[in-house]
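A single chain, nothing else alongside it, follows as structure tokens in the form predicted on its own.
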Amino acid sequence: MSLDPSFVGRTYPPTAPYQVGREKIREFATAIGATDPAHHDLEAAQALGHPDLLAPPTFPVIVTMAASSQIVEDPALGIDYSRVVHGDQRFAYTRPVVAGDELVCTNTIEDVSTRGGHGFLTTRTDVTTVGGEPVVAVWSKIVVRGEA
């Protein structure tokens, strides 16, 4: 089943809020080898002007991957997740993520195409606070491999 191009422009409902915790930031930073003290030590983060621990730049993948289930699990779009490989990811920050943030994600399908028998899906996830303050926009491209 190929991806349905009529989904371009579709926006899904906002997700439930995600509470960013200090330990999650520390765990993520440790897992990716981010040693900057601002990710681990509250005083170091505050000395740099942040209100709390600073999340590494790729931390939003935690909330955007969970939010992407809205798209991946939409049966009408036609994604066979067993055939998916990650193509690309990029982040455009309005401000950093810090401990204490309550983040909400809104997914939009920006592009659907087919090349060489493979489906390509580009999504944008706008990450905001529960109060509507923009934090980061995250683009992700997945490739749905065609039948061999």
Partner chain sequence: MEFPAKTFRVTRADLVRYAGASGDFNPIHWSDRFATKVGLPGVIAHGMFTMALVGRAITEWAGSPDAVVEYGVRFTRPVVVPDDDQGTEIEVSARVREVTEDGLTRLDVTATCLGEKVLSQARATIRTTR
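Just so you know, these numbers come straight off a predicted model, no measurement behind them. Positions refer to the first chain, counted from 1.
The form predicted together with the partner chain exists for this protein as well; it is not shown, and the discussion that follows is about that form.
Put simply, residue 116 is far from the partner chain in the predicted bound form: not one heavy atom of it is within 4.5 Å.
Of the heavy atoms in residue 112, none are within 4.5 Å of the partner chain in the predicted bound form.
Using a 4.5 angstroms threshold between heavy atoms, residue 54 counts as touching the partner chain in the predicted bound form.
Although the partner is absent from this view, residue 79 stays clear of the partner chain in the predicted bound form, with no non-hydrogen atom inside 4.5 angstroms. Applying a 4.5 Å heavy atom cutoff to the partner chain in the predicted bound form picks out 57, 58, 61, 62, 65 from 55 to 79, in order along the sequence.
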